[in-house]
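The chain below stands alone, shown as structure tokens; this is the form predicted on its own.
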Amino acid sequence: MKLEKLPEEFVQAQPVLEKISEHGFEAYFVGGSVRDVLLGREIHDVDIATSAYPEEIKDIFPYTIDVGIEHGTVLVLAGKSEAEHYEITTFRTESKYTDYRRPDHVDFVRDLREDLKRRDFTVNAFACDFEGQIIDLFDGLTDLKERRLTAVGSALERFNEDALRIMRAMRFASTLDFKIEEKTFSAMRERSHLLEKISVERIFIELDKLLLGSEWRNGLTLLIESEAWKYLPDFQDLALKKVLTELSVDFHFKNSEQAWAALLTRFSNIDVKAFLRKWKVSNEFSKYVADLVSAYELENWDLVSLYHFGLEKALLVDELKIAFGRDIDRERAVFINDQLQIHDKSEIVIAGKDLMDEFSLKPGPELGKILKTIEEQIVKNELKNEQIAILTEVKKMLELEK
């Protein structure tokens, strides 16, 4: 099979492959980029594989960086822009995967087949030369047509080599709307316990992409049916089932925070921050998700809660409430937000220094308490966010304390 037209990303990298070929070596576009071209999807990364060894690549191109030379990868700087920087990896075979994630060592080879047969799924095992000729050694084109995910060679071996491929399979089921071939799924289920050997950060990335996929229900269903959820930190299958059955069928998550919040609203006895700590996410992400889960429990928005959570989070929460079948006033959040005089304390027209100068106050708890009271009164529209009004109110507060 030959591509009728090379995508722009391949055209731009064409001279690199041609130059390698001119020196007597093979070079191909490989992996997900070829798959995405065949599916008519946007390309994210252009990966190039070659029969040339790393040192030979460095002899061919004047500007290179050793980004993973021990595994055969050299970054070729073919142009000034980052888009013209290409990771070129030598064909290789791999040894045992003691850690179930990376090979103990790799051996460089000249044979394309040897390189492709170590890849995870047939639809990721294509190669494409600089003229657009597709090389399909494992009947990936049939799987692509049938929208089916099949492991290359022995599925048990592929998952034994890299257990993260189990999560990748579920992610592809979500993002590409692929079904899993029977033997491949059976091997996923059999090897799912190996996920305990994989870093939680890597699992999070795959699960996060799964949740944001257009067919996330497929991915979650596979997570349950494969029983892989048992090997994810503090996961509850009942919560997963509730998300599948209780969330509106056509709902798609706006962002990662909303997706994880949706899951966690179905968990029982959940300490959101403690849960996410085990997933080693950033504090910022953890706080955002915790806020969404807390806000989800509120019956209605008022000035104080809208100010505390902000309109962005409020709208994400309202979308979840509606998707879970709760009857809410869809316009209330925007209406309440419009009634707020301030949306952050930095918008208060008077700062602590102004009060210190005006009333000879010193920094400390008393000043902090006054500022907090002012903020609360302005939020509740009990006090205008105007200099004279605030100074008058503070004067009253200080006189009452005398």
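Residue numbers here begin at 1 and follow the sequence given. Worth saying up front: this structure is predicted, and the values here are computed from it rather than measured.
Missing here is the form predicted together with a small molecule; even so, the following discussion is about that form.
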By the heavy atom within 4.5 Å rule, which residue out of T221, N124, S286, T73 makes contact with the small molecule in the predicted bound form? N124
Which residue among K313, R119, R266, K321 has a heavy atom within 4.5 angstroms of the small molecule in the predicted bound form? R119
Is G32 a contact residue for the small molecule in the predicted bound form, using a 4.5 Å heavy atom cut-off? yes
May I ask you to check whether D45 falls inside a 4.5 Å heavy atom distance of the small molecule in the predicted bound form? yes
So in the predicted bound form, does D36 come within 4.5 Å of the small molecule, heavy atom to heavy atom? yes
Give a yes/no on whether R217 approaches the small molecule to within 4.5 Å in the predicted bound form, heavy atoms considered. no
When the small molecule is placed as it is in the predicted bound form, which of 171 to 179, 186 to 194, 301 to 309, 254 to 262 ends up with heavy atoms within 4.5 Å of it? 171 to 179
